[in-house]
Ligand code: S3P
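Next comes just one chain, in structure tokens: the form predicted on its own.
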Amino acid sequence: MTMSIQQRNEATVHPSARLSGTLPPSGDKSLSNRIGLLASIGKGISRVEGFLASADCIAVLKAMEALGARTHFDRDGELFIHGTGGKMMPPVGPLDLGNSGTGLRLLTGLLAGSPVTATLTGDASLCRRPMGRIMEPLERMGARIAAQGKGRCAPLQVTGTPLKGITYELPVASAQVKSCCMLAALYAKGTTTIVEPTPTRDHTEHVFQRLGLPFSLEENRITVDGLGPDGPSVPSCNWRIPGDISSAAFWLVAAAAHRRGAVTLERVGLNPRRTAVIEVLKRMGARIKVTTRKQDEKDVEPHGDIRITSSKLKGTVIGGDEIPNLIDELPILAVAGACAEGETVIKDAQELRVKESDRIQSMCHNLLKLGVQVEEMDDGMRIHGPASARPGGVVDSFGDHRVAMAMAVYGLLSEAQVTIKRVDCVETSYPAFWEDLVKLGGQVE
């Protein structure tokens, strides 16, 4: 099945009579990338359970191998990372991050103050995404970064140089920019303070805390005590990464909006700054039960099981301070809005315009093709649901993994099959997506 999809690079999803079952979603992508980066410059061998072996995360590991780390997976899928001991070696050739915007931005921060020169690049989609938002604070710290693409886009040539601590107020709430600055600050002389306009995802803070790296939190201010050009001494650790709630969100919406839906998702990450999607779905009337599990020393963040069953969804307004903590879930929440009674408004989400695709335009285009009443706005969309009929049809992922998966879920809920073009992008974040869709009762060609 998977090979057929990859060969044709399209998938046809049929309406499902029932959607039920139990899944452990794929490992958290954000944690996988951050642990992969820091364990790769650590001392000794780190063991990682639940690492997401997606195209994006593997690209980050390969980049770290080019800088001197060694990695391998055992038969059970556990990842072993042999760190560089803090001494990265100059890479031979550019570091190709594929489609990983997180990987490119975070690695730029990690390399900015280290004694290494490297060129960071990626696929055509990544090289269209703006990098000025990380270059500005890094250059204020003294970094030497040359953007070789138009409009301050990748490829980025990073020439490691001594950095100084700064105070930087993020103009836009962004966990990636914050994390980039935190990593660079480890190699700076003096103290760096990052001020967030709105709290964003705090995976980097959790990983820093677990590793004993020098930082502190006070309300919306993150302060990192720089260690100078030698950088941090990162210990080896044993890690367990929970399931990614961004991946779980597809099944949460599918089960809630389905007439016969009942799905349990096991060991999903329940970081409070990632669970906004659950709160939005509850606000829409979704029947959700969350059961937390006990943590042990391997767990970097809280996790638990989520049970969701068929619900009568109603429209809501999604915007304001909740947007930064569910930015990745907005495409599938647009599908929830298309299935809900009344109007759903997504606003204050201009950030969607500079993702793997312009997700506002991509989702509006596809939903309109499938008969949904939706109006595109500068900062989001206005969706009038539910559609009186869900006729199916042919849509395009626009090379965007979250758009592809959102439209596949819509196919499960439609009255006729939905064909999604260019679905190979799903490999970047959720390689098991199609298999999991079938496990829950869906049909895909």
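When you see a residue number, it is the position in the sequence shown, counting from 1. Just so it is clear, the structure is predicted and the values come from calculations on it, not from any experiment.
There is another form of the same protein, the form predicted together with this ligand; it is not shown, and what comes next is about it.
This ligand in the model of the complex comes within 4.5 Å of no heavy atom belonging to Ser397. In the model of the complex, Thr119 stays away from this ligand, with no heavy atom inside 4.5 Å.
Not displayed here, this ligand is approached by Gln176 to within 4.5 Å at the level of heavy atoms in the model of the complex. At a distance threshold of 4.5 angstroms between non-hydrogen atoms, Thr102 is in contact with this ligand in the model of the complex. Here the chain stands by itself, but in the model of the complex one stretch of 140-148, 326-334, 308-316, 80-88, 326-334, has heavy atoms within 4.5 Å of this ligand. Contact annotation for the candidate site: Ser16, Arg260 and Arg390 all lie away from this ligand in the model of the complex (no heavy atom within 4.5 Å).
Checking Lys355, His206, Arg240, Arg273 for any heavy atom within 4.5 Å of this ligand in the model of the complex turns up a single hit: Lys355. Note on contacts: among Ser26, Ser46, Ser30, Ser414, the single residue with a heavy atom within 4.5 Å of this ligand in the model of the complex is Ser30.
Taking a 4.5 Å heavy atom cutoff to this ligand in the model of the complex, the one contacting residue in 190-213 is Arg201.
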